[in-house]
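Below sits a lone chain in structure tokens, taken as the form predicted on its own.
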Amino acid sequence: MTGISDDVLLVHGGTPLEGEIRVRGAKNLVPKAMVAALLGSGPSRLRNVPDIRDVRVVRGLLQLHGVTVRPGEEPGELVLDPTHVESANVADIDAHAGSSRIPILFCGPLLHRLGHAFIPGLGGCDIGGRPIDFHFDVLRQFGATIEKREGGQYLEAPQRLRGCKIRLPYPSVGSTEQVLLTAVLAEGVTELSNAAVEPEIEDLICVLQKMGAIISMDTDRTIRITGVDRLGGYNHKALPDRLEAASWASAALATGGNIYVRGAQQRSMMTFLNTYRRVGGAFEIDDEGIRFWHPGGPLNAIALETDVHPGFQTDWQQPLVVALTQAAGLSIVHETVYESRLGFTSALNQMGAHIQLYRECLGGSACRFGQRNFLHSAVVSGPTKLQGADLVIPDLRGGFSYLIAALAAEGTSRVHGIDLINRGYENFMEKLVELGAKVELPGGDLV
């Protein structure tokens, strides 16, 4: 985002967030499971679906391709019927897809169903290099041909796609999803090594297995997919969003609050929970969710490195950094997943934080960014009092982090570009109000 948009939220800081909110299905699973429905010969039911922008984008793209998408019998349920898949108008695709990177995952399913696909230019958060060339390289290995056209890429599959051996240079989530969604109906066996193994990847594999796919996961990050001739529909409840749950946990810590996150699950958050406890946060787990709170007293400075699962997730980093500005001493954060993810800290410094960025790897080991001149390590000195400021949201997680900072700060902040947060946080403004946050729209209208 390069300018200040009209979607502004006024945040009056200094009030601890207290109360209960609910997280539903994971942003990093639900849109991909919706795409998987394209592969089926019959309807699919997806439950625990959040009302977020990425879901709306994918719903629109599916409908453009002839998929019927309607609400199910229970709240948060979608029924997706791909019986009459068809080609979509290029201009219509482009209009729906400009704010999301999900369309790249339509390639494999559309090649299987139609023999061709058009993929427009992609959007998404500007947090570092996320090249799509590898997606196209993989599809070529399966047998697709790709032609650059005005506004995007046109793909064709002259014959049935064929399984192949693929090794990822880095365990990329998006690349792993691309291989899974393409390999399940390809002829023969596909072997994917150095694959991503995030919980959302496992849940997508569960979806595909319910449809009739044959997929095995080894302990060495190798996934083997035996192609089948036909897939059916699925009935699946999406796993809860562990990234949103951690964001609210960090908000509780930074504001001195107490938040019960209904739907949060321990198993997928164990690494985060260990770090949260090291910082000085408290939590209590029951069968329905997790309560997070600040127990009083000073927070602890820590050394932290992000990594692919089962390491500390990069999406957990930005919200927690806000809480670390209130910890006593020097915290070190080494970002190893996205090279530009620490850029959001400049706004925190304007609010009164003391955060210095470094090009060196300030962690236990060197990473792939260490010799490439990226500011990918941070030293956070605290505690510091934060002051309200004008903030322009840079990306999804950075945007929620700015909200946390504004809530923890003294005075009023104007947060611009809040619509971007709708990509991954369902009804976040309503949840803020439920937790006692003092927020309003310009003109004095309460949220």
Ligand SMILES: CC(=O)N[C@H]1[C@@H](OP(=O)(O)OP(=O)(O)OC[C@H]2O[C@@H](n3ccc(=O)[nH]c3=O)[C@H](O)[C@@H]2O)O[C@H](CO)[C@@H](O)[C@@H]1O
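Note that this is a predicted model, so its numbers are computed, not measured. Residue numbers here begin at 1 and follow the sequence given.
Keep in mind the form predicted together with the named molecule is missing from the figure; the text below concerns it.
Chemist: Among 133-141, 68-76, 231-239, 181-189, which stretch has residues whose heavy atoms lie within 4.5 Å of the named molecule in the model of the complex?
Modeler: Result for this chain: 133-141.
Chemist: Which listed residue (S401, N28, S413, S44) meets the criterion of a heavy atom within 4.5 Å of the named molecule in the model of the complex?
Modeler: Residue within 4.5 Å of the partner: N28.
Chemist: Which pick from F283, F118, Y338, F374 sits with a heavy atom within 4.5 Å of the named molecule in the model of the complex?
Modeler: Flagged contact: Y338.
Chemist: I'd like to know whether Q313 contacts the named molecule in the model of the complex, with contact meaning heavy atoms within 4.5 angstroms.
Modeler: Judged by the heavy-atom cut-off of 4.5 Å, Q313 is in contact with the named molecule in the model of the complex.
Chemist: For G174, is any heavy atom within 4.5 Å of the named molecule in the model of the complex, or not?
Modeler: The answer is yes: G174 has a heavy atom within 4.5 Å of the named molecule.
Chemist: Contact between E305 and the named molecule in the model of the complex at 4.5 Å, heavy atoms?
Modeler: No.
Chemist: Find out whether any non-hydrogen atom of D81 is located within 4.5 angstroms of the named molecule in the model of the complex, and reply yes or no.
Modeler: Taking the distances in the model of the complex, the answer for D81 is no, it never comes within 4.5 Å of the named molecule.
Chemist: Can you tell me which residues in 246-263 come within 4.5 angstroms of the named molecule in the model of the complex, by heavy atoms?
Modeler: Contacting residues: none.
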